[in-house]
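Heads up, the chain below is alone and in the form predicted alone; it's given as structure tokens.
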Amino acid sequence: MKIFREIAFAAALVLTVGPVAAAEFKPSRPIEFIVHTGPGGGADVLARFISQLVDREKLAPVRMQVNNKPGGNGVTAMSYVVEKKGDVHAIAIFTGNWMSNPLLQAEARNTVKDMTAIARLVIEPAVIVVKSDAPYKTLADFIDGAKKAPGQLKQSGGSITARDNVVRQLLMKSTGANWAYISFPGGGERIAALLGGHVTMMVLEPQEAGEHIRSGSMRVLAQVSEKRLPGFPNVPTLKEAGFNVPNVAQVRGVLAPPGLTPEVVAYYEDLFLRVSRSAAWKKYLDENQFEDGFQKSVELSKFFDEYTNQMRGILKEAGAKLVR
């Protein structure tokens, strides 16, 4: 009887342990890391930092390869991700405009809810900057200049649904000022347009502006954040500068194509949890004035709904025409 009990116990172990081990997932070829901007944009910079960190600290058995898919104000990348349904070797950086795009663009047929939520990583403030030799010392100076020459001043930015344009729309509506918005596919091009004197102002993340601010080629007029950032203690927030407009949060994280199994989701969720706990990542957040916004898949899926509803309200206030 003892022998039969031991055989039964061993069989039970096979039934309970065997399938779990078989279900474990690890990537077997390079991971495609999809970015909706051209080189130099905030999402591109973040994706390349993560891929280098993962490789340097051997957090994955394979390398990550960044694949830039600009176009259509993010629509191209979103469609590309959805079309890769079931591809376990593809992930993408999402930003806030992946949620606002479908609210404003009828051609944006896919939403983040059509994809697989993996992890939210950071919440990013922004700064409003001009070239260092511009005549504007404060945001109020710039607004006054825009009022005196309607439509003549220019702002470089990303897609029309990106945070930089939403901030512009809110400021124009609240002040009566008006200035042009010039869209560029990559962050490097947007910055070059400012430094070359082709545009007057930018709204961008400290991550993108950092070296230019430190070198003195850019001047910060205001911060798009709830409170002053440690790196800019003498620069007012929008509200402190006298502009009572909503704070438009920028979020970045990772999602994947639809149709992935829970085991694949768990692998990537754990990978980015380990990324978020690394010393290199914490240093990166501090250097770029980012807030740690880590959320796992289930919480991120709920956040998608909350953020979309919040952006719907902000865009209505900005006077945007919604299609959903």
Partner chain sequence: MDILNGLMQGFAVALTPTNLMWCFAGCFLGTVVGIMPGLGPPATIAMLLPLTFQMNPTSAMIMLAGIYYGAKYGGSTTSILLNVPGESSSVVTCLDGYQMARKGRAGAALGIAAIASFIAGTVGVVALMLIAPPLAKFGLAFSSPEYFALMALGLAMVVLLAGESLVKALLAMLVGLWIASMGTDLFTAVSRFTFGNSEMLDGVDFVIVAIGIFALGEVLGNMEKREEPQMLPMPKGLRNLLPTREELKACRFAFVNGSVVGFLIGVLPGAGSTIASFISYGLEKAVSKHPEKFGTGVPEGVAAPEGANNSETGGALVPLLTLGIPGSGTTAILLAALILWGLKPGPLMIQDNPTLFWGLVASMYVGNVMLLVLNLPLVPLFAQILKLPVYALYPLIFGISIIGVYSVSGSLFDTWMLAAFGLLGYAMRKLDYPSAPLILGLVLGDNMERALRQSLMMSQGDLSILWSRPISATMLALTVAILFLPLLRRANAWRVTAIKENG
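Quantities reported herein were computed from a predicted structural model and do not represent experimental measurements. Positions refer to the first chain, counted from 1.
The same protein has a further form, the form predicted together with its partner chain, not shown here; the description that follows concerns it.
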property: The unique member of 107, 240, 133, 226 whose heavy atoms fall within 4.5 Å of its partner chain in the predicted bound form; result: 107
property: Listed residue (82, 172, 90, 195) with a non-hydrogen atom within 4.5 angstroms of its partner chain in the predicted bound form; result: 195
property: Check all three, 27, 63 and 260, heavy atom within 4.5 Å of its partner chain in the predicted bound form; result: no
property: Interface membership of residue 56, its partner chain in the predicted bound form, 4.5 Å heavy atom rule; result: yes
property: Partner proximity in the predicted bound form: residue 185 to its partner chain, non-hydrogen atom cutoff 4.5 Å; result: yes
property: Residue 150 within 4.5 Å of its partner chain in the predicted bound form, heavy atoms; result: yes
property: 4.5 Å heavy atom contact, residue 116 and its partner chain in the predicted bound form; result: no
property: Listed range touching its partner chain, judged in the predicted bound form by heavy atoms within 4.5 Å, from 200-208, 118-126, 136-144, 244-252; result: 200-208
property: Members of 277-302 lying within 4.5 angstroms of its partner chain, judged by heavy atom, in the predicted bound form; result: 284, 287, 288
